[in-house]
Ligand code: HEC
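As a starting point, one isolated chain is supplied in structure tokens, in the form predicted alone.
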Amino acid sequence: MTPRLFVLAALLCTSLVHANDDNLVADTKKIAMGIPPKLLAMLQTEIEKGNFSGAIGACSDKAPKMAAAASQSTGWAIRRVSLKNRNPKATPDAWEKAALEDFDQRALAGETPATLEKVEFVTEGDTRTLRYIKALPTQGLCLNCHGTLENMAPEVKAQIAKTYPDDRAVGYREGQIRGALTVKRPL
């Protein structure tokens, strides 16, 4: 093969790999980002009923089940994580922690939290893996359980203390990064 043909073949292969990677990323985002709106709708329904215990139950029980169902159907690891986690299972791994810390710095510098995400292809053992993480900003309805303790209803504080004795997920303001949705997709 002549040097020119070799370079052309290498460029073509690189373009095909990037196009395939772009499709993998788009597919990952589409599936993963279907979870937060469903969770918010479920929480809104519970809150409209005046049922904060139901909303806390939705976050503690139903949200992990939603992520587990998505994980099971795709074969990916999909979950929510936070630097100030409420659920001990929501503790970020090193990659997720670094991304969340970067998101916080970028938000402090003026970037809109809802736009913050990171995609990276990594090798874990012998497996190429797509890592994706998307910031989840605190919505107004989240403040009922994640806002300041002074503004939290006594029954909410009591239910959170019962459900999450080591809770660290309070003191947020609307728009702050509450955590992130994260995906590990083996390729």
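Note that residue numbering follows the sequence shown and begins at 1. Bear in mind that the values here come from a model prediction, so they are computed numbers and not experimental data.
Heads up, the form predicted in complex with this ligand isn't pictured, but that's what we're talking about next.
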inquiry  = Under a 4.5 Å heavy atom criterion, is residue 35 part of the interface with this ligand in the predicted bound form?
reply    = no
ask   = Quick one: is residue 47 in contact with this ligand in the predicted bound form, heavy atoms, 4.5 Å cut-off?
value = yes
ask   = Are any of the heavy atoms in residue 106 no more than 4.5 Å from a heavy atom of this ligand in the predicted bound form?
value = no
inquiry  = Even though the partner isn't displayed, in the predicted bound form is residue 40 close enough to this ligand, meaning a heavy atom within 4.5 Å?
reply    = yes
Listed residue (116, 99, 78, 90) with a non-hydrogen atom within 4.5 angstroms of this ligand in the predicted bound form = 90
note = Which of 66-74, 51-59, 23-31, 125-133 lies within 4.5 Å of this ligand in the predicted bound form, heavy atoms considered? The stretch 51-59
